[in-house]
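First, one chain by itself: the form predicted on its own, in structure tokens.
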Amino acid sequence: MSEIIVASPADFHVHLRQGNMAKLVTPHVRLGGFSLAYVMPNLKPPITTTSQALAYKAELESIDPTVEYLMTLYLSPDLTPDEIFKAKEAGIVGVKSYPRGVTTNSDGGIESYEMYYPVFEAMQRVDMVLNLHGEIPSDTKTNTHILNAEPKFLTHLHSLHKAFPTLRIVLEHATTRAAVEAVKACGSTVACTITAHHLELTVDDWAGQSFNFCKPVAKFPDDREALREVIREGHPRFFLGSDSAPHPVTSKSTSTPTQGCAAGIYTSPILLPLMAHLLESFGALDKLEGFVSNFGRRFYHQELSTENAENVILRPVGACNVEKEYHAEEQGVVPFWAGKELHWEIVRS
């Protein structure tokens, strides 16, 4: 195959941070081949109001106006049905739910879903998307830990889908066969994102290697195979959400007896070539455009037209080494696959 043409790749889960880190990583969305970014709200402080989301969007657009940014709100006790109506009117697309303490900047996350039912009802009414970080907090009393936190969450997914059958729900960054099967068992209003790194890593790859550590953690080979299988299948409710999550090099590479390394893997600057590389490796290269563009766009009502389609061309190369680190404004981030070879590259005009 000499070239692949992909129509307007869209990343439906990306962290763009704030301040100098945002200045460094926001242009990497376009560098990695993507023209749409679904932006996560777990900043400090988190994005909990429409006005905060619009201000954040303006900040990102000032850094790189060539990308379309879809904004989200952070589910918190301050979020009300009235704010949902206001957010919908302003073009905010979704609300992200983080269980308390399970990942970066989730200290203000939720502990119970029932108290948010009025918010979910409002979201269902105006057709906003609920994004679920699909884990529950670790708890020694219930033998809950980072390896089974996702399967134990899935009862919440089913309960929410049953209570709000027309609410569009996305189970984010699935890592297990159980999650794939749970989403398949739900109706057409429930979808699932899969990251690039979870298509490659297993538990052995992050045990002792901080740059491969993320939340949720990569699981077992059979779980990875389930993610690959559903992509080979071309299932339309499974699509790319990179969960690309930059951290300063020092917070990734070091830990102390009281503070572990940061959870997050950074893929934005190499994302589309990486996806082609990975899908080719497990026999799914023909599913690339559906997975990185069409399926997610369809679920999020961001379908392409002749007016807004923007083709990206990939070509195979013998070897292209990934940058070992990116620097700007006294910030530095190490990407996934640093120093390794990719066998696809974007054709730059």
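The model shown is predicted, which means the values in this text are computed figures rather than measured ones. Start at 1 and count along the sequence shown; that's the residue number.
Keep in mind that the form predicted together with a further copy of the same chain is missing from the display, and what follows is about it.
K.L.:
Considering non-hydrogen atoms and a 4.5 Å limit, which listed residue (203, 186, 167, 178) is close to a further copy of the same chain in the model of the complex?
P.N.:
When a further copy of the same chain is considered in the model of the complex, the option within 4.5 Å is 203.
K.L.:
Considering non-hydrogen atoms and a 4.5 Å limit, which listed residue (120, 153, 238, 211) is close to a further copy of the same chain in the model of the complex?
P.N.:
In short, 211.
K.L.:
May I ask you to state whether residue 334 is within 4.5 Å of a further copy of the same chain in the model of the complex, using heavy atom distances?
P.N.:
Yes, residue 334 sits close enough to a further copy of the same chain in the model of the complex that at least one of its heavy atoms falls within 4.5 Å.
K.L.:
Flag residue 138 as yes or no: does it have a non-hydrogen atom within 4.5 angstroms of any non-hydrogen atom of a further copy of the same chain in the model of the complex?
P.N.:
The answer is yes: residue 138 has a heavy atom within 4.5 Å of a further copy of the same chain.
K.L.:
Verify the contact flag for residue 162: yes if a non-hydrogen atom of it lies within 4.5 Å of a non-hydrogen atom of a further copy of the same chain in the model of the complex, no if not.
P.N.:
It does not: once a further copy of the same chain is placed as it appears in the model of the complex, residue 162 has no heavy atom within 4.5 Å of it.
K.L.:
Within 4.5 Å, heavy atoms only: does residue 127 come near a further copy of the same chain in the model of the complex?
P.N.:
Result no; residue 127 lies far from a further copy of the same chain in the model of the complex.
K.L.:
Just one of 229-237, 211-219, 75-83, 264-272 has heavy atoms within 4.5 Å of a further copy of the same chain in the model of the complex; which?
P.N.:
Single hit among the candidates: 211-219.
K.L.:
At 4.5 angstroms, heavy atoms only, are 145, 207 and 253 all close to a further copy of the same chain in the model of the complex?
P.N.:
So, yes: the whole triplet contacts a further copy of the same chain.
K.L.:
Sequence order please: the residues of 159-174 with a heavy atom within 4.5 Å of a further copy of the same chain in the model of the complex.
P.N.:
Going through 159-174 in order - heavy atoms within 4.5 Å of a further copy of the same chain in the model of the complex - there are no hits.
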